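In the form predicted alone, a lone chain appears below as structure tokens.
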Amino acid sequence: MTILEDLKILKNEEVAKNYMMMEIKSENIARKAVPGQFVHISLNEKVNGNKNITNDPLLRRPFSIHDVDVERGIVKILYKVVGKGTFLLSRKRANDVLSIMGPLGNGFAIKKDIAKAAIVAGGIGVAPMYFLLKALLKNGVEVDFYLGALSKSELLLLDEISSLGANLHIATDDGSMGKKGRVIDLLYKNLKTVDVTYTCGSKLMMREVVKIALAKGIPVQVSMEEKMACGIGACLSCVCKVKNNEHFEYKRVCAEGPVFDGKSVMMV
């Protein structure tokens, strides 16, 4: 069930250059969210319950749910400052109030018979995968986590991922940490038999991940990102092309996604 609430920011701090971690208080979203879902945030401030006079930007912005603390009722959002919307969000401070919808979309499927999984994340694509990693490990799944970035300065959550017990594999384009080159090259050389692969990052990266996994007979789930307006499937602005047997159709990333079967969306 989607919830629309005015929620208080607890923290909104820089964790690396141009990367922010925001914590919001929401017992409802924290309790209901599953890995892979997102929230839709309005940047119009609320002051004593009244809207600020600004309506710019007009549309809400979607953000993956990075993590939740159910006991404390906290939801975490990891995001990169890349445009006007994220810049405005980065200026928010503790005790500011935001209008937030969530949790939205369909999350990752975690089947009970999974023994081992691979997670592949590129750049800010790591944002939804930490929540997924925690859920997999909680279910007793062994996880190989492939993390790629342009350089060491853009590698996020290294200590957090390692401390949870994942087998961490790192690649950077400039070779400043881990294997020099693309994370998909590292995946190609190291991917062994796993029950499922999960990935989030650029479409180019995810397409390559799907090709590598499918060549080994491994199913893949991908987390898609598209610009969206309503976030609830009404406006049809975030559709992506999906293969259905020998035919194609369009599905809404906000409603049928953002998680899709990799073969259906990356091999079209």
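Fair warning: this is a prediction, and the values are worked out from it, not measured in the lab. Counting begins at 1, following the sequence as shown.
Omitted here: the form predicted together with a small molecule. The next part is about that form.
Peer 1: Counting only heavy atoms and a 4.5 Å cutoff, which of 107-115, 137-145, 120-128, 159-167 contacts the small molecule in the predicted bound form?
Peer 2: Contact criterion met by 120-128 only.
Peer 1: Is every one of 64, 78 and 86 within 4.5 Å of the small molecule in the predicted bound form, counting heavy atoms?
Peer 2: All of them do, each having a heavy atom within 4.5 Å of the partner.
Peer 1: In the predicted bound form, is there a heavy atom of the small molecule that lies within 4.5 Å of any heavy atom of residue 227, even though the partner is absent here?
Peer 2: The answer is yes: residue 227 has a heavy atom within 4.5 Å of the small molecule.
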